[in-house]
Every structure is written in C-alpha cells, then in structure tokens.
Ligand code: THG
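Form predicted alone, single chain, as structure tokens, below.
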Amino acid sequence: MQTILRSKTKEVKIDAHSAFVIIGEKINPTGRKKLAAALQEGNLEYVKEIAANQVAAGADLLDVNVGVPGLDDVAMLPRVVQMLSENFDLPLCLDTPNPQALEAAMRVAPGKVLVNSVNGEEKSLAAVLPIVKAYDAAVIGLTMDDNGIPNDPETRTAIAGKILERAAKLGIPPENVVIDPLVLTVGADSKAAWVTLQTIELVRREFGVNINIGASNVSFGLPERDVVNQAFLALAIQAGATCAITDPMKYGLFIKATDLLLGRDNYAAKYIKYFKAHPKEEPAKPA
C-alpha cells in the first residue's frame, strides 16, 4: 500500500518496498529554546536555516510545529508553511493539536500534506478527520484513545482499526492513514519498545497500512541515547515501519544502511550516494 505525498513538484511515496522515509523533526520548539524564541519574535530566518540543514541531510518531508505557549499558532503556522513552501520543494507534515491552525495552514500548503495527527479519542476524530478529507491530505493516526495509551499491542491495534474505520466512513482511503503505534521510554518500562514492535507487526498484518514511528521517546533518561534510538529504529524498520519523524542529521546514513541490509538498495547505490554527499568531518590533528 502506497501513501503518496506531494509538494509543488516533488512526490514522495511511503510503502514497505521502497526506501524508508525520513520526516525531519527539528522544526518543533519543544525543548528548543532558541527556536521557541525565534517563533515568538517572528524570526523565520532561523526556521529556514533549520529546514535547510534537514533538507541537506536527506529529509524527505519536514515536520512543522509552532507550538509555543502564548503564540498565535493560527497566524504563525500558515506563515511558516508558506515560507517553507517558497524555499524548499518537498512535502510537509503539519504538526498541531489545534484544528483551526491546521485548517489555516492547509489553505496555503501546496500539494498533498501529511497531518500530524489524529488519535482514537472521539474529540480528535471529530475535529481532525473532516479537515483531512476536505483537503485530500494524509494523516498519522496515534494508537491512543480516551483511556490513554494502552500497555498491550492488541488494544493499540484495535485503536488503529477504529481510526481506519472512522476515516473510511468519511471517504478517507486506508492509504491516506499512516498508523503510529507509539513508543514510551524503556527507562521506565523495559517492555515499552517490545509492545510497540508487536503493534507494528499486528497493524501491518491486519490492515496493511503504512507505519510511522517517533524514535526519540524510547531512550529518554538513558545514557548514549543515540545508540538506543538506532537499535530501536533498526528493529522497527524490520518489523514493518515505513517512515519516522526523526533527526536526519544523526540518523540519515544509519537509515540508508538499514535499507541496504534489507535488500532495498541495489548494489548499495543509495547508501554510497548518501555517504559521498555527507562526508564525515575529519578529527582535528594536534598542533
């Protein structure tokens, strides 16, 4: 099953047989004081710089979140979307819990966007899915509902089914719903990643839809977080995940290597091309 997203001229396909799709996570002010300050000041040049770095590192999409307390996101999100669309030709992932901001951004976004996100809560389904349908977008469906995030893969899979069913009733096809099975930190629950991996396998088996993951939560509070994130990414891709909201600067080459090992890169062409385009800096020699 293919989920197809578009910018002005570029098309990105998410499916189980193609290269893993990287959604750049850096345009998100959560935990990033400099970006939060820039958004409050209306300094879009810094946002543009962050976007340029992610595009150069191989991002296929850009996640766009302007969630700063007190900021008018209904005004700011479309401003940022318009700036990004004018300067970068790749699809966008609109990341907001505010339906009004989402719809305002959809009006100015070219092509076909990915919405981040809807979940199994009745309030979320009622607010987000009609906007997704109206603008022929795709949407990430989070496997949580009014009771929170379940601790077992079967219940998470059932929530995925609920989201797909409600989307279908509005005429949103399954290829336009990308399920996110959610992952919590293994520092607090050693089974957290296992539950997510099992959910990926169940969702793929039962519904055949594309799967998104956010890798960074899994390592929260642990040393050498990048090592844990990379291990989880590899396991998730093997289980059936097809895209991730992640850091292309840190994990771009690693993801290309994973694609290579899974037989998705003939003669290592994409891996070698990426490596040549992103050479590692040589360590400074002592004077």
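Position 1 is the first residue in the sequence shown; the rest follow in order. Keep in mind that this is a model prediction, so the values were computed, not measured.
Not on display, but discussed next: the form predicted in complex with (6S)-5,6,7,8-tetrahydrofolate.
Contact with (6S)-5,6,7,8-tetrahydrofolate, judged by heavy atoms within 4.5 Å in the predicted bound form, is confined among 30 to 38, 257 to 265, 233 to 241, 66 to 74 to 30 to 38.
In the predicted bound form, at least one heavy atom of Ile140 sits within 4.5 Å of a heavy atom of (6S)-5,6,7,8-tetrahydrofolate. Proximity of Pro174 to (6S)-5,6,7,8-tetrahydrofolate in the predicted bound form: non-hydrogen atoms within 4.5 Å are absent; the residue sits far from the partner. Proximity of Asn212 to (6S)-5,6,7,8-tetrahydrofolate in the predicted bound form: non-hydrogen atoms within 4.5 Å are present.
In the predicted bound form, (6S)-5,6,7,8-tetrahydrofolate sits beyond 4.5 Å of every heavy atom of Ala59. Of the listed positions (Ser216, Gln198, Ser124, Thr155), a single one reaches within 4.5 angstroms of (6S)-5,6,7,8-tetrahydrofolate by any non-hydrogen atom in the predicted bound form, namely Ser216. Against (6S)-5,6,7,8-tetrahydrofolate in the predicted bound form, the set Glu25, Asp180 and Arg225 is in full contact: each member has a heavy atom within 4.5 Å. In this stretch, 250 to 271, not one residue has a heavy atom within 4.5 Å of (6S)-5,6,7,8-tetrahydrofolate in the predicted bound form; the partner itself is omitted from this view.
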